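What follows is one chain in structure tokens, specifically the form predicted on its own.
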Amino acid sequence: MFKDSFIVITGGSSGLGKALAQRFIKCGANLALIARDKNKLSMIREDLSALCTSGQRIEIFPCDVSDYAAIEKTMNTIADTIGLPDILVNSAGILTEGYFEKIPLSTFHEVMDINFFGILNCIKAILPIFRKKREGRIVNISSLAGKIGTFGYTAYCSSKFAVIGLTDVLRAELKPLNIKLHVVCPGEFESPMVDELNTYRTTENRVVAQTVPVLSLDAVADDVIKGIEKERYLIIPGFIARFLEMTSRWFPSISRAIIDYQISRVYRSPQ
């Protein structure tokens, strides 16, 4: 499915974006990687080049996805210099956690600018290219926290719920244009963002978020690849995560009761 395809990945210099890039390269794809840090992009290109076979291309484009003018220019440059992409993977994102009252409004704006508007900007910018190609595929990385409210994630959940809504509408709007969409909703998994989160996260957040066992980055990336290959719209890596999402959807009162019970245990525990 991915052999000889041309895939654009945002957030391609680390975490899930990097892990997916490795798998796409092994499948024979050509890549354009977008991220803010040019040095990290250069390093990942060097790493990925070792996996390439003759003729495969990996190009890097430093860009901030929250800047629409910049991302539009980047997408047009990619199309003009390399070719028309087949797939866009929106993996760029940030994670922050804390008590709502203590989170400054600027943090909410920052998280929404990258996690939501970053995805919106990239889709807006690439859509004319997909129209010209008369086909395309968009993979939006959301989160299980975009399906289930999680203590301490007021900013993060808001952005990821927004991604779910955006993707759900675009799935219907863009289907007649032969543009397919996937939305990926992993629970917590090993990544630089989670490593940083673990240095300051609240106890309540840890207890609630880790109801779903922390997955390895490889397990999540493998499930994403399988989900795309099987044409699944909603991709939720991990059996327990899928079970909890289903429970939340079909039995929301039970899901809320479990969350409330977990938090109450934290408050009852000796400090």
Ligand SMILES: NC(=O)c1ccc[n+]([C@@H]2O[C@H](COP(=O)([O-])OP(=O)(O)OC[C@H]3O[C@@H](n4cnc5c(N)ncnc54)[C@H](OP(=O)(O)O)[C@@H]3O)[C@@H](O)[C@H]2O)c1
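The first residue of the shown sequence is 1; numbering continues from there. This is a predicted model, so every value here is computed, not measured.
We do not show the form predicted together with the ligand, though everything after this point is about it.
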Per-stretch contact check against the ligand in the model of the complex, the hit in 205-213, 59-67, 227-235, 25-33 (non-hydrogen atom, 4.5 angstroms): 59-67
Heavy atom within 4.5 Å of the ligand in the model of the complex - the one residue of 183, 92, 88, 148 that qualifies: 92
Partner proximity in the model of the complex: residue 14 to the ligand, non-hydrogen atom cutoff 4.5 Å: yes
Touches the ligand in the model of the complex: residue 79 (any heavy atom, 4.5 Å): no
Distance check, residue 189 to the ligand in the model of the complex, heavy atom within 4.5 Å: yes
Residue 141 within 4.5 Å of the ligand in the model of the complex, heavy atoms: yes
Whether 37, 40 and 114 all lie within 4.5 angstroms of the ligand in the model of the complex by heavy atom: yes
Any residue of 152-166 that, in the model of the complex, places a heavy atom within 4.5 Å of the ligand: 156, 160
